[in-house]
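For reference, the chain that follows is the form predicted on its own, supplied as structure tokens.
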Amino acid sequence: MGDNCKDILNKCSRCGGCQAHCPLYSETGRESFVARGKIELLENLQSGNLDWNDSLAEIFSTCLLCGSCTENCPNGVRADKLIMSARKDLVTARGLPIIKRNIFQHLLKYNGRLNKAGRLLSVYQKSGLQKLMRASGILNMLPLDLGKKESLLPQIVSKSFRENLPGLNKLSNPRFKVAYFTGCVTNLVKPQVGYSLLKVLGANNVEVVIPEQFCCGIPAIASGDIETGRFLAEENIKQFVNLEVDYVIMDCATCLSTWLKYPELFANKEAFDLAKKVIDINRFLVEILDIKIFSKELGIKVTYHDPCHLKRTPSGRSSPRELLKRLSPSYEFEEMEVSDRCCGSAGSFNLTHYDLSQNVAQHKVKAILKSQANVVASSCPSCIMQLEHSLKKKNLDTPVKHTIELVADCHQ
């Protein structure tokens, strides 16, 4: 653990204020799952009173990295940064679990393999094999709660968004030229988000280029595999740095947050220059384009879920709401209770801690029901998948859409 992290450790006064804001503590009541408990363990690890073991590995993996403790700490303790550093130390000491190692190092690094994996999953779903496996109950007999984890599997497209791109028009006099970083979920699971984005930007005279690109790196970085995370970040920087564009557009809150931290991985001019161009699609439409939307009188009530990784970026809370308000009278915005509470997805957390993740998500489900919304909007494909799954578990058919999909619906 570096000196910077040691300084952060020393800021903690053990006040316990983080307990009131930790989604996991409210579900479990376990001190080791809250920031203060983890800081106590980190100090003992530093002093040599403890060594990394299975119990500590589980404790430090049990964190949503939602940042709520950091945001509300009176002493400014960056608990999320400490936990990321601890996971890096854990990987150094004990290595990565074999499944994660193979996914990060042999799948995420290679787009061809990732696309093939997507096609295989699509065949599994469309061939009837998935339906047969679920009906037979075999999945529930497998170890590691594979039945529950398989139930999270969204509908995978047979051909990825970037493989199936329509021709991108080169405009003669565009208002702006932007590069689009699609992210893995839009590319493999939610291509309609990408098509919606292209439709809206095209209608507003914005030229879009989509270069070769890789996973943003956050799955590896969040698991402590900094080497793979740096490799993926460096590959993305290479693909985007020489593009003559005004902005790099993101539709994924997590990808956006990760790209904004690229300068922490590479303290060079290229990383800093690119980070300055990165912008969320909601903010781009509201602040840069100042988009005007002429909607039909439909009166569909929509509520909004704040992705943790977006709300702490510039205009991350305000821009999506302003955008939704501009969709009136097609969509009428209704704020939900606990709108900014984590949904429990946290990347792969809902896979590694399924039951706990779903317990966290139930607060969102209750808030959605109370809002009486006809549709839920969000700005993170991962959050969207989590909310879809959690609503379906309660036999609710409320659709969950990306904000850009709703904007596209209002464009004729």
Partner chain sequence: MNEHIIKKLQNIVGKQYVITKAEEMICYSYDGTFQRGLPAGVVFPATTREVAEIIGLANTEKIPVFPRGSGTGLSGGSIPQNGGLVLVLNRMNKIKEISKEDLLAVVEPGVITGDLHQAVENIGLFYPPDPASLKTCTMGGNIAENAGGPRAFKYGVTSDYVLGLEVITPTGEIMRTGGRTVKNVTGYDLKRLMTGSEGTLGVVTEITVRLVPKPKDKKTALVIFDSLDSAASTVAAIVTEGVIPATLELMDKLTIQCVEKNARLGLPLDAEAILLMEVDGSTVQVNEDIGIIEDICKRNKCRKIEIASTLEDREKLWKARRAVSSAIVQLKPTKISEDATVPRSKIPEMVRRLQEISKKYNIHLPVFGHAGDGNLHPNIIADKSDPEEMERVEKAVGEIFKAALDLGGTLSGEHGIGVMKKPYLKWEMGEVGLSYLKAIKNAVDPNNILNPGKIF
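Here the structure is a predicted model, which means the values were calculated and not measured. Numbering follows the first chain given and starts at 1.
If you look for the form predicted in complex with the partner chain, you will not find it shown, but the lines that follow are about it.
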- Query: Can we say 14, 17 and 40 each have a non-hydrogen atom within 4.5 Å of the partner chain in the predicted bound form?
  - Reply: yes
- Taking the shortest heavy atom distance, is residue 362 within 4.5 Å of the partner chain in the predicted bound form? no
- Message: Even though the partner isn't displayed, in the predicted bound form is residue 55 close enough to the partner chain, meaning a heavy atom within 4.5 Å?
- Response: yes
- Message: Given that the partner chain is not shown alongside this chain, does residue 355 nevertheless sit within 4.5 Å of it in the predicted bound form, heavy atom to heavy atom?
- Response: no
- Query: Is there a non-hydrogen atom of residue 318 within 4.5 angstroms of a non-hydrogen atom of the partner chain in the predicted bound form?
  - Reply: no
- Of the residues 371, 62, 348, 32, which one places a heavy atom within 4.5 Å of the partner chain in the predicted bound form? 32
- Out of the stretches listed (73 to 81, 242 to 250, 291 to 299, 185 to 193), which one is close to the partner chain in the predicted bound form, meaning heavy atoms within 4.5 Å? 73 to 81
